[in-house]
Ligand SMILES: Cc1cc2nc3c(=O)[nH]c(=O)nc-3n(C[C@H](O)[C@H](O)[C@H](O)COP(=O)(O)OP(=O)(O)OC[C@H]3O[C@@H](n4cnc5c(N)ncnc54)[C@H](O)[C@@H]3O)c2cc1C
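What follows is one chain in structure tokens, specifically the form predicted alone.
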């Protein structure tokens, strides 16, 4: 054997650089399912099923193309341990791997096989090296400037040398709430019923990972490139026109609304981001979707996704240890059960346990906001996000949590903590209707935990936040609090933070 081509669970890319020069007569593909990838965090059952089913479908496709695939089904241990056994048996001259998406995995494989050939991952619009070049000499690394570079470089939504419509960013036209009338009639979600292979995986996971969180009765995710493209077409046809306007809105019993649900397929590389961006831009060019919606969506793919990957690889491994606000509280147990009286948290966590999904505002401004205000240790909330969402791969999840959600990197990514009272959730959803808590109250029997903890967060971190210019207005409000009011807030908050 000449080359043994390693394909990891988030590298299911037909056009992968790993296959460059592949000769079916001399080379083989290696794939393995190992328990460590589902247990190093307490992974949601749906996340495990998605990875294993997509891997097995990819294996079968490669074999149908004449590739020899050495495939190990669920086995104990780590990827490096499984690979050592097969290398000893197969004796390949070389090992080939595309850049992994997880620092832990890359380090373990490189440590076990120092001569492994690691190839650049061309799935992305930019490379790790290009981001490093962008970052050199900059005091701040904000999304907006990197995003503009990529727009220009790849000629996306451009009118000559200027952005389409004259503006780079159309947030002012987006992010409305549904109002009292609610979302109205929503497009029917595209169905991806489990086929025989996926049903086989579901049965295995229910047996092997029965103690893990989540449900499998709602499993409805694309596990092949063909289904991923169908999901993309469904989003562009049915949801993209209203996506921008309502991308931050939330509503009881409606987990998907106008969102795409494409992140899982993108992060497993079942779907090419160039195809996604081109499809969205074409919808704008043909008058199917407004510019604000299309730009907002493209910014998530061409901008944010590329940016957080750059942040991750530029600052790891130290980035994972960030805790700029010195937060040490434990993650509440209800994050694993949804058993809480707060409707917003119950809805967001409940749908997460059902589907392995919540949209970005539910993650940032409900579950993430509560953890920030409570002062949860960043590593604990990071590991929860990595465990419970089907689209979670560490390169994208970790910066979103450490930097964006928890401000644990001290402002490297975000110019201020995303701290807010329960009033924000009331404005953007109907969650507060019928909830026993009142978002206007910080103390008393009906005090909203978000509002209580918001003021406690400012009080706890006042000296640190004085160094953050964009927090000046919020900190001014602390001056109006009497000593008696401060004490009452701290007492109320202590009840929420006690075990």
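Residue numbers count along the first chain shown, from 1. Model, not experiment: these values are computed from the prediction.
Another form exists, predicted together with the ligand; not displayed. Remarks below refer to it.
Note on contacts: among 242, 78, 400, 224, the single residue with a heavy atom within 4.5 Å of the ligand in the predicted complex is 400. The single contact residue among 308, 249, 232, 98, judged by any heavy atom lying within 4.5 Å of the ligand in the predicted complex, is 308. Residues placing heavy atoms within 4.5 Å of the ligand in the predicted complex fall in a single listed stretch, namely 261 to 269, out of 83 to 91, 105 to 113, 195 to 203, 261 to 269. Although the partner is absent from this view, residue 304 contacts the ligand in the predicted complex, with a non-hydrogen atom inside 4.5 angstroms. Heavy atoms of residue 357 reach within 4.5 Å of the ligand in the predicted complex, making it an interface residue. Contact annotation for residue 364: at least one heavy atom lies within 4.5 Å of the ligand in the predicted complex. Proximity of residue 396 to the ligand in the predicted complex falls within the 4.5 Å heavy atom cutoff. The candidate spot formed by 297, 385 and 405 is fully in contact with the ligand in the predicted complex: every one of the three has a heavy atom within 4.5 Å.
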